[in-house]
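Structure 1 and structure 2, given next as structure tokens, are two forms of the same protein chain, each shown alone.
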Structure 1
């Protein structure tokens, strides 16, 4: 789960990470008041879940409270398009007004899980302020890392080593070490998959300040973080994806026209690949799960049918615990509720496959049956 910059900063402040004075605004007037409080000049930052905000005009430096209000009004209530949002952009409902910083250096600091080493890793770079992917591509030697033993935690010698690599000295190095230690605590105590400060700045008088804050929370850990669940902002998510998530259905919206209903994540990815290889573009990834009921299958199919781009539906169910007859009933139920008549390609296999096929046959829906994935691909190709 992603959260906004202002929410991540509220979390950071609980751990003592130094930041600038800032205020969340939802109107131009609030933005002007905040800028006034910070001495007139301020930065106005659109709050959306995607990165690349600067490139999309979502970060503006205002020279006066009036200008802060103007920038805020230009952002609020609109969709901001950045290189990471897609062409529709993401809606801006809050802006963060922050005082101006005296930036001497821009650094990068982050923690994530290294899957190969199966441990947390802290990354640091003297090349902050640009995306770390760009640094990795252009200057991989400028990224320093420390693998963290999960039983020991981040040790002081590791923070000293990173601070030295960043060419920091004296009090500045010590302050950076404290930020690293605090960031590790943020990461562990909130079950983050990513905690990132980009840039972490060194000010003219040698202070260390987190100018930005990015936190991704692990979905599978949210059950033990009631307070973090409340940070969710469904307005930043695709509407259908948000509805699916509420139902516990793994659904990812794609750009094509073939709606896909599958049980199991691997089989779902495989089904999309089969459709693509047959020259069709999948409209979605959807794993309805192993223990689904007919009702849940119906909800899943309704989500598929709610996507206006969908012109046909491919069903691939390997019946086990999810019986084919239940899956078939769910499909029929959703078609009835939606009054849909879109063509179906259905491949059922496993438990109660005959019953499932009969339910679909007797429903009167426009179903073409396939016995195998290869046959399903053939039908998709021919229905082009």
Structure 2
């Protein structure tokens, strides 16, 4: 789960990470009042769950409260398009008004998970303020890292090493080390998958300040953080993914036209792989789960049928806890609710498979049955 910059900064502040003065505004008047409070000049930053805001006009420096109000009005209530949003953009419902900073240097600092080493890794670079992906592509030697032992945590020698790599000295290096330690606490104590400051600035008097803040949270750990769940902003998520999340369904929208209904994450991945190998483009990843009811299956299929790109549906169910007859009943119910007549390719195996097939045969839906996943994928390809 992603959260907004202003929310991430509130969390950072609780851990002692230095911040500039800031206020959230939802109207031009509030933006002007905040700018006036900060001395008349301020930065107006659109709040969306995507990077590259500056390239899309979502970060503006206002020279007066009136200009801050004008910039805010130009952002609020509209969709901001950035390199990370796609052509549809993301809706702006709040702007962050922040005082200006005395920037001498822009650095990059982040913690994420190294999947290969199965451990947190801290990344730092003297080339802050730009996309880290661009730095990795054009100047990878400018990215420094320290692998963190989950049992020992971030050690002082590691923060000193990164500070030295960033060419920081004296009090500035010590302040940077304190920020690194605090960022690691944020990452661990809140079950983050990413905690990032880009840029982390050095001011004219050598102070270290987080000018930006980005946090991604592990969805599977949110049950431990009720206060963080409340930070969710469904307006920033894909509508179908948001509906699925509310129902507890694992759903990710993709770019294809074959809607996929599967139970089990491993089986879902295999289904996508086999369908893609056969030349069919999946429209989604969807794992309805092993303990789903017929009603939940119906909800899942309705989400699939709500995607305007979907032209046919592939059902691949291995009946265990989720019996095949329950899955079939859910599929039929969803088609009836939506009034859909999209072609169905169905592969059922396991508990009550005959009962499930009979339910689908008698439903009047355009069903083609397959005995194997490979056969199902072939039928889907030929129907495209």
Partner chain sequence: MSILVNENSRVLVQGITGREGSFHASSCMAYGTNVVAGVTPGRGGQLFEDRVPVFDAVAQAVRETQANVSLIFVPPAFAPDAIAEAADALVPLIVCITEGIPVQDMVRLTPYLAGKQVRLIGPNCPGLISPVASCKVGIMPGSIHRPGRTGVVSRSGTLTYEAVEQLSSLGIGQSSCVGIGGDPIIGTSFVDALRLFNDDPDTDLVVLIGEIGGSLEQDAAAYIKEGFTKPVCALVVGATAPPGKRMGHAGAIITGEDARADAKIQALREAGATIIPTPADIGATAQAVLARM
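Under this definition, the rigid core comprises the largest set of C-alpha atoms superposing within 1.5 Å between the forms. It should be emphasised that the depicted structure is a prediction, and the values quoted were computed from it without experimental measurement. Residue numbers count along the first chain shown, from 1.
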Of structures 1 and 2, which one represents the form predicted on its own?
2
If one rigid piece of the chain rotates against another between the two structures, which among 30, 80, 236, 118 sits on the hinge?
236
Angle of the smaller rigid part's turn relative to the larger between the two structures, in °?
9
Rigid core fit between the two structures: Cα deviation of residue 273 in angstrom
4.5
